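In structure tokens, the next block holds one chain alone, the form predicted alone.
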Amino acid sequence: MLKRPLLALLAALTFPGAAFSADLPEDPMGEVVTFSRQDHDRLVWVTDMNMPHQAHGRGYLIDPDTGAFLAMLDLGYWTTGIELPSDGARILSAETHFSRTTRGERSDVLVTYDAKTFQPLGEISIPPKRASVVKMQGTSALSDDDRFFAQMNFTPAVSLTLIDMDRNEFVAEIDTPGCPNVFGGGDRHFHLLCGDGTFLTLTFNDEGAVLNKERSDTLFDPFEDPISISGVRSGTHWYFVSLAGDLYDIEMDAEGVRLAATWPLISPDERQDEWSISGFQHLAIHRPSNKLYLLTHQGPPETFEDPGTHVWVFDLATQAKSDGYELAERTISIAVSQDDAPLLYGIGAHIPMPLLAQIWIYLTEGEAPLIETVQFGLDVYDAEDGSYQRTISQLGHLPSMIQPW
């Protein structure tokens, strides 16, 4: 028969909480730690549609200088990203939720999150028509004064949902046939990219009523060489790249949309060698230095969404290539911080095995087993010379959009 001290010891080992619960302080529930942006020199958001677990899209907040993972937002079913108002105090997310997670009654809402606690401050019901697409650029936009939020809808009819952020209310759904992707360019203007090579400019009053719809001239040939929706902005100018590698400098303001200039980022000789644009976010811009960054790889034009292997750097003033470097990993999206010593961010596809093992598997079994092992991470580089700094690894299932904050 076991002695009582031995029984007590066994009980303590099996149920340690029971033996020492009286000595432990009570764990406070629901405590929220306030976040301070001033504690970090640079911050970056990475949005993950979380494929194949799209019911819980996510946004990750990263300190790229330390590699610290700071916060996560659950953004609902098949997120298409967040908007970051200029006051830095809020985060806006158009979300879709179902009453039974993956089925049941659908509800679409625009959620405002507190940028200090990452808790929801409120939500606005919007039409249950929010587009669920792979590329996140151009699916939503803020007016330049942060007053109005615009959301792309697709049912497959195309329309735009308009929300007044001052009054915290849904304003209207506006039919925009053939013109889905929306871009900012003025306090009371949104500009939509149309499938026929034009842009549609919507002009609003302070109540959100549409005063005017104006169609631009045809700016590109959508059949011969369409532009990608992954544009970057500097002032009133938006820059888009075509599948063949031509840059389109498009000015968007209260007067409408105009083509300011166009020139090749990929030369005829480079095209002959099958250099092509790459990934989901092909372009990044460093506005203080007026430098443009292009994600590239070698492959025919139809591979324009394949991961990139190199970044090319261009001077927008001279329209000339000024630099270029190879990336540490195959990369699907890029962005650049806006400080005086900029960092280049890339979502890299990491295969956690030695290169020789990768080659052996590829030669004996093909690429499918390798794809199954891919782990995505945020790779950080010096934007000036391309030197690799660090990786924030295992960052979700399919992160694809990067937003410096």
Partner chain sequence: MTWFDRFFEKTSRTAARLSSRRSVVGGIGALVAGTAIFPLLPVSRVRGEEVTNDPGDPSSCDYWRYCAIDGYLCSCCGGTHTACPPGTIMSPITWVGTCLNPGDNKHYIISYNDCCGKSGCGRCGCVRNEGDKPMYLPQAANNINWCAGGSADIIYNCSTAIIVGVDDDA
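Fair warning: this is a prediction, and the values are worked out from it, not measured in the lab. Residue numbers count along the first chain shown, from 1. Under this definition, the rigid core comprises the largest set of C-alpha atoms superposing within 1.5 Å between the forms.
The form predicted in complex with the partner chain exists for this protein as well; it is not shown, and the discussion that follows is about that form.
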Handout entry: Thr161: touches the partner chain in the predicted complex, heavy atom cutoff 4.5 angstroms
Key = no
Exercise for the section: Answer for Ala317 alone: is it within 4.5 Å of the partner chain in the predicted complex, judged on heavy atom distances? Expected result: no
Problem - Contact label in the predicted complex: Leu283 to the partner chain, heavy atom within 4.5 Å - result: no
Practice task
Answer for Glu302 alone: is it within 4.5 Å of the partner chain in the predicted complex, judged on heavy atom distances?
Solution key: yes
Handout entry: Contact segment among 203-211, 223-231, 261-269, 161-169, judged by heavy atoms lying within 4.5 Å of the partner chain in the predicted complex
Key = 223-231
Handout entry: Selected contact from Leu219, Met152, Val257, Leu92, since only one has a non-hydrogen atom within 4.5 angstroms of the partner chain in the predicted complex
Key = Met152
Practice task
Taking the partner chain as it sits in the predicted complex, which residues of 186-222 have a non-hydrogen atom within 4.5 Å of it? Please list them.
Solution key: Leu193, Cys194, Gly195, Phe220, Pro222
Exercise for the section: Superpose on the rigid core, then tell me if the C-alpha of Ser36 is displaced by 2 angstroms or more between the shown form and the other one. Expected result: no
